[in-house]
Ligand SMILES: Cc1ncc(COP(=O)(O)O)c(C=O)c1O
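Coming up is one lone chain in structure tokens, specifically the form predicted alone.
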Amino acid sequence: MSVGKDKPALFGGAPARTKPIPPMFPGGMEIGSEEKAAVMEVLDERTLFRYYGPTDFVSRVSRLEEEFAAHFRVRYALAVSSGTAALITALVALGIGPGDEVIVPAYTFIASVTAVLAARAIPVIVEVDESLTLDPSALEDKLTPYTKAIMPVHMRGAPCAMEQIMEIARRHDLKVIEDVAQATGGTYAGKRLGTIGHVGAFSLQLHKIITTGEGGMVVTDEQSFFYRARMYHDSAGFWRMEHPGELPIPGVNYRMSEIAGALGLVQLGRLEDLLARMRRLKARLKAGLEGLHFRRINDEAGDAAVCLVFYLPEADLAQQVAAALKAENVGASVLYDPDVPNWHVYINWKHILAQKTVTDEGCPYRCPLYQGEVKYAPDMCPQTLDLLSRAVHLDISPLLTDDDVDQIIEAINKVCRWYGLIP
């Protein structure tokens, strides 16, 4: 430890900040008079269901789909009830099902994996790299004759290496489902995340960049995929829609409500301002920190900037630094702590690793249509566990002020100097 430097609060010094950082619900913390008015309009009209009500009206959900598609420069957008519903619908839209394998990263929310199982396909769990997104080199090593799709997840706001992933997909004739739950509005090489692969799946849950509380969106440029998605997400509504040349397929009920649609219309209008604020704050934060090993971002311009991540040489040191930053009122954490359950890290998906299924027959793992063999083990992705255990993470709330950021810089530099990580 350094001697003669400012003492961290953890060891009796004065904290760099006197209050915690603001909550990390970007769109949720922006909810105000516009959202309230939009919801009250739906309630006053009693038009809670997108297809009909006591009066004639223009569906807010339909308007949200149109405006979302226009904003993201994609031909089709379909509003659904959750991000998980968006993933399942996207898989079904691409014809993924029994006997198929889908590549998923070892660091993602568990919904990415359970969506594959809900589609009756097999998730194949693959390492992430220093970007904390799917490692393209590890991906290719996991391909089998049964691989039908890749699900890159743009984790914690940062784009995957989409050029390499799409090249692998083209070479092996694989479909690509982008999970954009944590990176709405981000880009890669100038294209919106979710519009690069065959289908994109978004979440509008409370913790996401923009929110309807619960909700999701499926986007695609391919008409046939859109038709299948629309039929599947609404088993009762296909008769209201035209699908030329398509025989209806059995579906479910993943419809979005008009209240969620009304909220989504307002929140979509907030997206670019939220992104601009978080990006500016992150740039200011990084400019004040020197000598740290930051997470690699595959396209800096496309980062949604919801967080800052830096790596330390050892897991124990990362734990100590995170604890010291918390004492400075900087809400830091380590992305993988063996003692803290976390649904974002594959090693905690114990029921998945055990291939637990909803019935004793064991489908889809033991489905007669599946001719492959997938094996899971707690130690199967050592690179992922190593990176996450050494990764110190801080949220970048759009509610932070410049003074907040300057205090966070002071705290990080003070703690890192104390541990001899920077001069």
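Remember, predicted model here, so these are calculated numbers, not experimental data. Don't overthink the numbering: it's just position in the shown sequence, from 1.
This protein has a second form, the form predicted in complex with the ligand, left out of what is shown; the following refers to that one.
- Contact check for residue 83: a non-hydrogen atom falls within 4.5 Å of the ligand in the predicted bound form.
- Residue contact check for residue 310: none of its heavy atoms lie within 4.5 Å of the ligand in the predicted bound form.
- At a distance threshold of 4.5 angstroms between non-hydrogen atoms, residue 332 is out of contact with the ligand in the predicted bound form.
- Contact annotation for residue 197: none of its heavy atoms lies within 4.5 Å of the ligand in the predicted bound form.
- In plain terms, the part of the chain that comes close to the ligand in the predicted bound form, with a heavy atom within 4.5 Å, is 202-210 out of 202-210, 281-289, 89-97, 248-256.
- The contact residue chosen from 161, 275, 111, 176 relative to the ligand in the predicted bound form is 111, the criterion being a non-hydrogen atom within 4.5 angstroms.
- Checked against the ligand in the predicted bound form, the candidates 155, 304, 193, 219 yield a single residue with a heavy atom inside 4.5 Å, and that residue is 155.
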